[in-house]
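Coming up is one lone chain in C-alpha cells, specifically the form predicted on its own.
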C-alpha cells in the first residue's frame, strides 16, 4: 500500500537557508534565536552581493554561504539544486531584493517566508523596500505602520500573510526614526514567527 509521506518530515533537524542582500541584522537575530535549538538550525546564508555584510555574519557563526549571480539565479536551476543538495527545508528572505524564480517558489511552496517593512497590502510591490517604504509612509501622513511576514509567491509582496505587527507614526517621526521602529519590530517578531511556522509546517 502506497503511503503519502513527505521526505522532509523524516529528518529530525530542519535546515534553514537565509537569503539576504545587505548587512544582515535580521539574519543575525534569526541565527541567534536558533543557535541552541535542537530541531531547527540555520544551515546556509545566500546573498546576491559578494561584499554584503551578511556574509561576515555567516563567517562569524561558521555557517555555509553561497553568493549567487543573476544569470544562474534566473536562467538555470543551479541555486535550487544547491539548496536541495544541502537538504534545505525552509527558506527565509531577510532583506533579499530579487524576485524569486517560480521553480524555487513551487519547490518551497508554503516553506518560504519574507518580511516586508509595512502593513501590506499598503506600500508593497516592486521598488518598495527599505527607506523607499518609510518615506512613502511619512509622505502619506500615515498614523501607523508596521511589518508583514508572508509566504512568498510569484509577485512582490502578494503572498498569504502570516503575521503583522504595528507601531505608531508620530507627527515628529522622520523616515529614519520610522525605520528604527520597524527594525525593532522585525528583530522582535521575525525569529519567533519563523519558528512557529516551521513547527506548524512539519508538526514538530
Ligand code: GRF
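Residue numbers count along the first chain shown, from 1. Worth saying up front: this structure is predicted, and the values here are computed from it rather than measured.
Absent from the display: the form predicted together with the ligand. The rest refers to it.
message: Looking at 196, 188, 23, 15 here, can you tell me which has any non-hydrogen atom within 4.5 angstroms of the ligand in the model of the complex?
response: Among 196, 188, 23, 15, a heavy atom within 4.5 Å of the ligand in the model of the complex occurs only for 23.
- request: Just one of 43-51, 63-71, 24-32, 135-143 has residues with a heavy atom within 4.5 Å of the ligand in the model of the complex, so point it out.
  value: Going through the listed ranges, the match is 24-32.
query: Does any heavy atom of residue 95 come within 4.5 Å of a heavy atom of the ligand in the model of the complex?
result: Yes, residue 95 is a contact residue.
message: So, residue 112 and the ligand: in the model of the complex, are they within 4.5 Å at any heavy atom pair?
response: No.
- request: Between 163-184 and the ligand in the model of the complex, list the residues on our side with a heavy atom within 4.5 Å.
  value: Residue within 4.5 Å: 183 only.
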